[in-house]
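Shown next as structure tokens: one chain only, the form predicted alone.
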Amino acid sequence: MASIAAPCQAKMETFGVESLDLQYVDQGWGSPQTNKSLAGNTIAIGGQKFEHGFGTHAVSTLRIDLNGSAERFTAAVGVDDEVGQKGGSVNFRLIGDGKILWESGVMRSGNPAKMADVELHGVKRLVLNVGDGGDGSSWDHADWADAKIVMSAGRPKALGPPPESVVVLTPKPSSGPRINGAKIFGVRPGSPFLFAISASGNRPMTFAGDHLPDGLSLDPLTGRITGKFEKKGVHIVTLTAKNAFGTAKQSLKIVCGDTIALTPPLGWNSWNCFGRDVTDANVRAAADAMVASGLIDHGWTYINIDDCWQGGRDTNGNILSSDKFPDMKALTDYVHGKGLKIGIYSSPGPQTCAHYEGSHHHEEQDARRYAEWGFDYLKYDWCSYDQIAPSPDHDQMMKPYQVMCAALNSVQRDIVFSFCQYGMGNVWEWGAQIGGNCWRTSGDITDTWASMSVNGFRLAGLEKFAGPGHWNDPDMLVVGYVGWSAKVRPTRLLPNEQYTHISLWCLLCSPLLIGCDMTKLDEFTLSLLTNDEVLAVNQDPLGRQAMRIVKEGELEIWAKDLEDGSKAIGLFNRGEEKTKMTAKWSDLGLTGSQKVRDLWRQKDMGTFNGKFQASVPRHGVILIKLSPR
């Protein structure tokens, strides 16, 4: 009798995750480190050291193709000991084919490692995800130590993000005039007044303003309103734009009082594109591009110089510009001559972040010089102030901004005051009290999904601190060509991630500061920045920051009240798979029928009762407006 052979058993092989191509790790700061912590040290969690694994930084994602041939994943996870007392809190998750297989819960620096041991039989794609623990991503140095995948066949393979098509959703503007931009504008008594009517449509175009108050005049060819108020008061002006295809009208409320920046500033900043290499020529080219591209016709206003313009001080202590900026007054005149405004940068410490001259002990001199030069905006970056206050308490965090605020208030010019101190000390709780018009809520943004998403979505719960004249700021925009140097490159954000970026920043009433080289605007980037219905959400006169209404795993719904009684709603999918989402009227405090309009497509979707459903792509958004029927 012939014997029957026993069935062959699959040969198991174990692979260390550090052997995969870690270039595909998407993380919020720095680069993944093979067999090291993020800072390049031996991996250590809760006093225990590990020879193998990889160090990363929240928010972090690694996608792995298993081809259905994996059996088990094991790892020890935690916050690396290198962060010490600086904090750090993270949440590790293993996601298989869109389902959460294991979650660590919030882990903090000093906690012992937790063991992940998960069966993977049949799983085709595994995602290693590190969240920020819910309190921002500062010092979130996370370790996947001794991370191993057991395979029954083949090898695991790290994956890049799935490909996406570039789809332009914003319709082309009509030939007829449309007045865009802010509907309310604040100015202080005695300060120079400059407001350029933003209007799209074919040129030539003429402008008018009915009920323009005494002290102001309007140029009918450029639409620029200039002059000066001497007394406080509120004035309603009817603006008119006219061309061969029709006439558009819109009311503008001018408030002469103590508060400026009644809507979030819209403009450009040099840092994310040119970094340390910025020059006078770059700034002039940005102003030229703001006009030539038509961005100025959609409400974009500021051209802001970041760090690296300074050239030391003269014998009297007055700040000087460097050879790269030979004549600051000529530069501001050039920008103002285009109907735009211009901003500058400094630090309360002795040096800026790039080690140029700061404003410490020269605050009044610098404020006077900025006003003499004609600047309209100041970004004030904490940086070397930690030499003055190494472990600042609440009062020490406020002090340098109070000093510069007093200096700015002593000059007869409206200068928007932007605090840049990365959200330390819960700046949103006191920024408005000491004169801030906007304040950073997080560290510097980079052009990754991890960085952009954590900077933006962490503003949940901070809506009560934002309003006309004072805004939460999750940092600048990272669409278009960026690079932080003279060598710019396309953003690493995928198209859907860019739609999420602009939609979220508009819902958050964030300052919108374009960070790209505007001389290289492509059609897609320009469409992101010129959708007037989307920008109107940011510039709504009510000034209400959106609230997060629903959070179910990676799905979030945010809602923002608008002045006309409608609501702007963002359905965000932070997950890895396209997902159907439902906005329920009961969650939004609504009843009855609601008209739904797709703001990116500028298209009415119909009337809905009780809820609205839509499929939302990976890392994407559906941005709608709900209005009572």
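Numbering starts at 1 and runs along the sequence shown. Just so it is clear, the structure is predicted and the values come from calculations on it, not from any experiment.
Not on display, but discussed next: the form predicted in complex with a small molecule.
Residues W271, A354 and C420 are flagged as a possible site; in the predicted complex, is every one of them within 4.5 Å of the small molecule by some non-hydrogen atom?
Affirmative, all three are within 4.5 Å.
Look up in the predicted complex whether D333 has a non-hydrogen atom within 4.5 angstroms of the small molecule, and give yes or no.
Output for D333 is no: heavy atoms all beyond 4.5 Å of the small molecule.
Indicate whether Y377 is a 4.5 Å heavy atom neighbour of the small molecule in the predicted complex.
Flag for Y377 set to no.
Is Y370 close to the small molecule in the predicted complex, meaning a heavy atom pair under 4.5 Å apart or at it?
Flag for Y370 set to no.
Residue contact check: C383 to the small molecule in the predicted complex, 4.5 Å heavy atom:
Yes.
Among 129-137, 322-330, 241-249, 440-448, which stretch has residues with heavy atoms no more than 4.5 Å from the small molecule in the predicted complex?
Within 4.5 Å of the partner lies stretch 440-448.
Heavy atom within 4.5 Å of the small molecule in the predicted complex - residue from F92, W300, Y345, F73
None of the others qualify; the residue that does is Y345.
Using heavy atoms only and a 4.5 Å cut-off, determine which of D307, E554, D146, E533 is in contact with the small molecule in the predicted complex.
Partner contact (heavy atom, 4.5 Å) among the options: D307.
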